[in-house]
Each structure stands twice: as C-alpha cells, then as structure tokens.
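Heads up, the chain below is alone and in the form predicted alone; it's given as structure tokens.
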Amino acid sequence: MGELYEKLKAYDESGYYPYHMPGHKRRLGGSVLERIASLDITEIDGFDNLHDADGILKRLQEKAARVYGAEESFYLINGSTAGVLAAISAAVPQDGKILLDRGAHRSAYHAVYLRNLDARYLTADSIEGFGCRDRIRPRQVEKALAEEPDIRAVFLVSPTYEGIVSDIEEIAKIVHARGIPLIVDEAHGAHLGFHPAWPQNSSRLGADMVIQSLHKTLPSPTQTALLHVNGNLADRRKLRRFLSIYQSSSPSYVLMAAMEEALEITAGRAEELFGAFLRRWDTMLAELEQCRCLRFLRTEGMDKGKLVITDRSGTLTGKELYERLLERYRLQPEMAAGNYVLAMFTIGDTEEGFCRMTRALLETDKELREGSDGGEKPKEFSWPDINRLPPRALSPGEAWERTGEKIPLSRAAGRTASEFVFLYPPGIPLLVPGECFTEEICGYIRRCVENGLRVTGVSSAGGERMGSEARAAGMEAMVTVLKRQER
C-alpha cells in the first residue's frame, strides 16, 4: 500500500478523537461514505498541506515528478480543469495574447475569459471519413508565431480525445526559440511513456507545463490529475498562486492516497500491465481486419487504446452505432459524434472486455454487409470547415458580460453567440461567445440535434435539452445570442 494510505489507516486505528472536519467524524455516513470515511480527514497535524507542502505530500509529488521525468509536479484534486486554468493564468498576463489549439477543452476558454486574454487559434485538418481533428503541425505553430510576435504562450492538446498525438518535441523547440512556454493539455495521456509501444509523454519531450488526468487512462478515481513543470519559462510562483485559487482549500486525502497508489501500480507493474494490454489490443485489431463496412481510425503515432469506429457503408450514424453497442450488447462507449463512435481501452480492461467488443463489431459488420446492396453512399455528416473560423465580433470576455436572448436556430445565422455551443463530450467549442453563427455552423448544429447528439448551448423554448422527446414533439431548437441593441 502507499505511504499516505498507510498513514491514514494508522491514524484511524490510533484512538485520536476527531474534533475537526469532515462532519462524518470518520464513522457516520451512507453506504458509499462508510467505505471511505475512516480515511477521510482534513489538514491535521502530520498530514501536510497541499498548498504549502513540506512533508508527506511534498514527497508524493516528488515521486510523481520522477515517474514522468518532470522537474516538479503538483497533485490536482479538482481535475485537469484546475491545472489548465492555473497554467494559462500563470503563463499569460492579464489582457495578454495566447496561441490556442482550437480543439482545446472548454476549461482553456474559461481561462481566456477569466484573464481577458486575446486568443489566436491553431486549427487542425479534419480526418477524412471520420470528421475528427487531426494533429497540430510544427509548421503551423511556427507560422502563427511569426505572424503574432507578441504571443506569450502556446497551448496544445495532445493526445486529442480520439488519440491523435502531435510532435511535441519539435513544437517545443519552435516555441522556445521565441522565449515563451509551451503548455500541453495531456489529459488523455497520463499513460504515455510507460512502455515503448506508446508515444513518450510531453514532459520528457520539452513541454514547460503538462496537465494529465490520471482518472482518464490510469486506475485512479475521477477528479484526480497532475500538473508537471519544467524549465524556467514557467513562472512557478504565479503557478502556485493560481493553483491555490482554482483548487479547493480542503483537498481530499482519499483522492490523494488513490493517486499515489495509481502511480505505484502503473510504474511498478508497467511491463506486465502494458504488455498484457498490447497483446489484447493487437489481437482485437487483427480480428477486426475482417470488417468490410466498419472502419477504424489508425494513423502514425496514434495513441493505442482509442478505438474510433465509423460505418463507411453509410448505414449507421455515430449515434446509431453507439446505441446499438449500448442496447444490444450492453457495451458503453465513451462518446458518439456525427459519424463515429469512440471506445476507450486502458490497462484496466480485461480479456473479456476486448473479446466482447470484438464480437459485437464483427457481428455488426456482418449484418451491415448483408444488408447493403453495395450502392449506398455514406450519410453526409461532417464538421464545418475547421480551418475557416467563424467571424468574431467580440472577445469571449466582452460577449459573456453582455445580455443575451434566445432565438430559434433557424434565425441565428449572422447573430453573435452569447454562450458556448459544443458537443459534450468532448467539450470542444463549435462557437465561442463573441463569435458569429454562420449558415454552415447552424446546419451542423441542426444535424447534431436531429441525430440525438448532446449539444450544450442548444435547448427548446422552455429551456429543456433538445433530446429525442423534444424533437418528436416538434420543439424548435433555440440558441442564445447577444441582444442587438447591446452589440
């Protein structure tokens, strides 16, 4: 067991009576809390303080840094969101300019809003046949920095939600040549670097600040994450300040103990766990080569573990394939997009998990082949041209502070968005507050709603989410735009 767990267990058995938080006093709670209450404490003597660590928590964070090859690492108990907010806030001064991956999670846009930043975007190509975003290329970063010499930091996402990995080593050299930091949202890459069959993690490739969600791909509870720091381009004094702002002042010792154990398990059993995963993964992909209608995304350097599936016969949309796996086979995918489904595999998956997905996909492909006359064309469902950003009327900060009004989506083209519009998951904005609805984006949103995808920022006139029942009742999709008189 981990050092923190053993210390918590010993304290529980020590006879000390808790005249301190939490209110359950290590004994009273429902069935869930009863299992963890004996370990759930606050910052009492001997257990250190996450925001000023000099004891056991300092040692645990130093161990995490050694695991990932970082100079310094910070435990995040408010998830990667807190790390993204703190990293951007520390790297870019108020009202400064940032070069931002357009495929960034909404937390990055929240940092832009909170610091009133001027965001300039890096856009990726769309991968043909799938519609998801490809990697950001080094030449794109170099060109953008040459055109905008006053940019103060670069923020990238690698791997993407679908497992696409950028050339972080080369991009870091380009960014550092300008004397500014590179921040990498590696939320989906906490497992990188533990086995040579996977890409290396961004901390070892030269990134200045790297944010990882342990819970996404490692055996760690939801809400656990790490922020790694390297070099002298990241202001660590400011970073600590913002971490104390964006994180709870009452960090969970249960979560921190679980983080320590997750890293010990992963690092200590890396050869065994990743070796077993690789054998099962390769076996599954080899068997799925029999498929003729289903297609699986594979690109050079792609993260293993992200199974991105599309029906190239055009019979099933992403949502229909998602529902088929869920309802017929009792397999819960991570997400559905317009024309693909994402299923995530990790070192926690069993042989049964791989076999069940393999059988389900082979059966589905067989039925699709038998039902196809060979003349069907794929259903039209593609991203808007993500290299052509929507027109921007205001900054996100300006737009979010103004009054909005709901109008039908059918009348939104040309109006300015008052709220974010995005599919969730993955939480990547189609529109940022201050950007203008276009006919193309309105059409895409309409198709998302018609296909039953969850679109945040779109509702019925009564405020209900536009689900299948709302569509069946003939409710019109509504979006929030700035009132004309306030533009």
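In this text the structure is predicted, and so the values were computed from the model without any measurement. Numbers for residues come from their place in the sequence shown, where the first is 1.
The same protein also exists as the form predicted in complex with a small molecule; that form is not shown, yet it is the one meant from here on.
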So, in the predicted bound form, is residue 79 in contact with the small molecule at a 4.5 angstroms heavy atom limit?
-> yes
Does the 4.5 Å heavy atom contact test between residue 253 and the small molecule in the predicted bound form come out positive?
-> no
Looking at the partner-bound form in the predicted bound form, is residue 213 within 4.5 Å of the small molecule by any heavy atom?
-> yes
Mark residue 188 yes when one of its heavy atoms lies within 4.5 Å of a heavy atom of the small molecule in the predicted bound form, and no otherwise.
-> yes
Of the residues 415, 280, 324, 105, which one places a heavy atom within 4.5 Å of the small molecule in the predicted bound form?
-> 105
Which listed residue (207, 88, 154, 157) meets the criterion of a heavy atom within 4.5 Å of the small molecule in the predicted bound form?
-> 157
So which of 407-415, 354-362, 80-88, 283-291 is the stretch with heavy atoms within 4.5 Å of the small molecule in the predicted bound form?
-> 80-88
